[in-house]
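The chain below stands alone, shown as structure tokens; this is the form predicted alone.
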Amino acid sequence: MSAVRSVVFDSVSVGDALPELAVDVTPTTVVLGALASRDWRPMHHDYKFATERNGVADIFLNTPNQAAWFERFVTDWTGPTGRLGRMKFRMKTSVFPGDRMVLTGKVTGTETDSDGCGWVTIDVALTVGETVASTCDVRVALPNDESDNPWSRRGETWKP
């Protein structure tokens, strides 16, 4: 059994690229994301409604589904001790079944707060083909070393 890898703060530099995540979107991807977030609006599961009433190409990923993909992308990189502090994203166009969404990210900042928590800022892009479908700004806490764990920070020491 191999050890679980976690990124530590001192190993990260501005300009570092995160490993790409590519996902082939299927109708199941769209519908399960809507179900998981209890989004019953028909444009996320009813093809006829989406195309005839909304005038779009197909059913499409909802907002919480995209948020979950951004979270997965970042935490796949950080490992289990990475702790999301904030996420702000902008959806520019829809993601449909048949699309191949590719998530890429680049570290744009690093800082240590007054309580010693190491923070990394990441710009993430979700692209479909040559089109940037969504962008996301992420602030994530990383352990300073192998003995640190951002998940143990509470109250005054947690400043996302």
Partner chain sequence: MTADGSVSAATTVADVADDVPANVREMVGKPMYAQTATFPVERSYGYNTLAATQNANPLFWDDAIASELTGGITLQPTTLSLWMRPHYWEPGAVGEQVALKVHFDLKEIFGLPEAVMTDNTIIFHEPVRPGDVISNQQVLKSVSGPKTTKLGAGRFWVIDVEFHNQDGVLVGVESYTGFGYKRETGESK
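Values in this document were obtained by computation on a predicted structure and should not be read as measured data. Positions refer to the first chain, counted from 1.
The same protein also has a form predicted together with the partner chain, omitted here; what follows describes it.
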When the contact criterion is heavy atoms within 4.5 Å, does residue 93 count as touching the partner chain in the predicted bound form? yes
Even though the partner isn't displayed, in the predicted bound form is residue 123 close enough to the partner chain, meaning a heavy atom within 4.5 Å? no
At the 4.5 Å heavy atom threshold, is residue 37 in contact with the partner chain in the predicted bound form? yes
Can you tell me whether residue 55 touches the partner chain? I mean in the predicted bound form, with a 4.5 angstroms heavy atom cut-off. yes
